[in-house]
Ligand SMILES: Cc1cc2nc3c(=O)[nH]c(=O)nc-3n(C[C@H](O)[C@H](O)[C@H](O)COP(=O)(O)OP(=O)(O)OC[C@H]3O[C@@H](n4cnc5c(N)ncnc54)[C@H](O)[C@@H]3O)c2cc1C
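A single chain, nothing else alongside it, follows as structure tokens in the form predicted alone.
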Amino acid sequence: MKILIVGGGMGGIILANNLARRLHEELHAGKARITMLSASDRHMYQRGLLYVALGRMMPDERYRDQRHLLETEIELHVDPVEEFSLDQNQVRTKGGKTYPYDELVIATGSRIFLEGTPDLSESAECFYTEQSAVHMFKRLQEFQGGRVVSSVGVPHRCPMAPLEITFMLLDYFKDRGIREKTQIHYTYPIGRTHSLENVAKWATPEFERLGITYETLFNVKEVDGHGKVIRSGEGTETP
């Protein structure tokens, strides 16, 4: 059995290692084979971007050698896939090679699409890429107080990230001595402060205790960067 995993991010690595442990005997007997196709020989720890955005971690601290994170039985090839031939059970890579499979796993992750919301990419900061996280930290260093809105749509990468960055911003402003000059406002697009009910039950009273204002059922429609206003699809807006 040939198992092909496309993507060397966290999801691909966790799955590959779990399969290698479960199929240990089959792999050693030559009855199974696990191959991973990755776009890079370095694995980037995505969650570390939260800390980069707040100056608590350097970008290069989040990288590890891809090979060292995988069980030894897993074949790793740094050669990203360019074409899927599902009817033929094979893929073609950038290097021109063809890899057949019996079972295919696509673990290429998600990509943010700020351009889908008018003026969002020009007027907002985010931490979902290394470049944007570094830029966000530079902007935060210049910030001297005012109103900060933490907003997100659904679905979003990493379930806890919107809440994490909101609470981490609170600590960041405290450490800089500008908490009293700063109002933090959190919005979420469904009828509670988080998609997971138990998380929302915890987060809502924490917001109230810490003085973080919040608004639910707020789906971002557009951003007015000049007027510094976010508008929702429901006709509401927040400065």
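Residue indices: 1-based, along the sequence shown. Note that this is a predicted model, so its numbers are computed, not measured.
Although it is not shown, the form predicted in complex with the named molecule is what the next lines describe.
The three residues V52, K138 and Y186 each lack any heavy atom within 4.5 Å of the named molecule in the predicted complex.
Taking non-hydrogen atoms only, R111 approaches the named molecule to within 4.5 angstroms in the predicted complex. Taking non-hydrogen atoms only, G153 never approaches the named molecule to within 4.5 angstroms in the predicted complex. Among heavy atoms of A39, some come within 4.5 Å of the named molecule in the predicted complex. In the predicted complex, no heavy atom of G225 sits within 4.5 Å of the named molecule.
The stretch that touches the named molecule in the predicted complex, counting heavy atoms within 4.5 Å, is 123-131, out of 97-105, 142-150, 67-75, 123-131. Among S195, T204, T182, Q46, the residue placing a heavy atom within 4.5 Å of the named molecule in the predicted complex is Q46. Along 1-40, a non-hydrogen atom within 4.5 Å of the named molecule in the predicted complex is carried by V6, G7, G8, G9, M10, G11, G12, L37, S38, A39, in order along the sequence.
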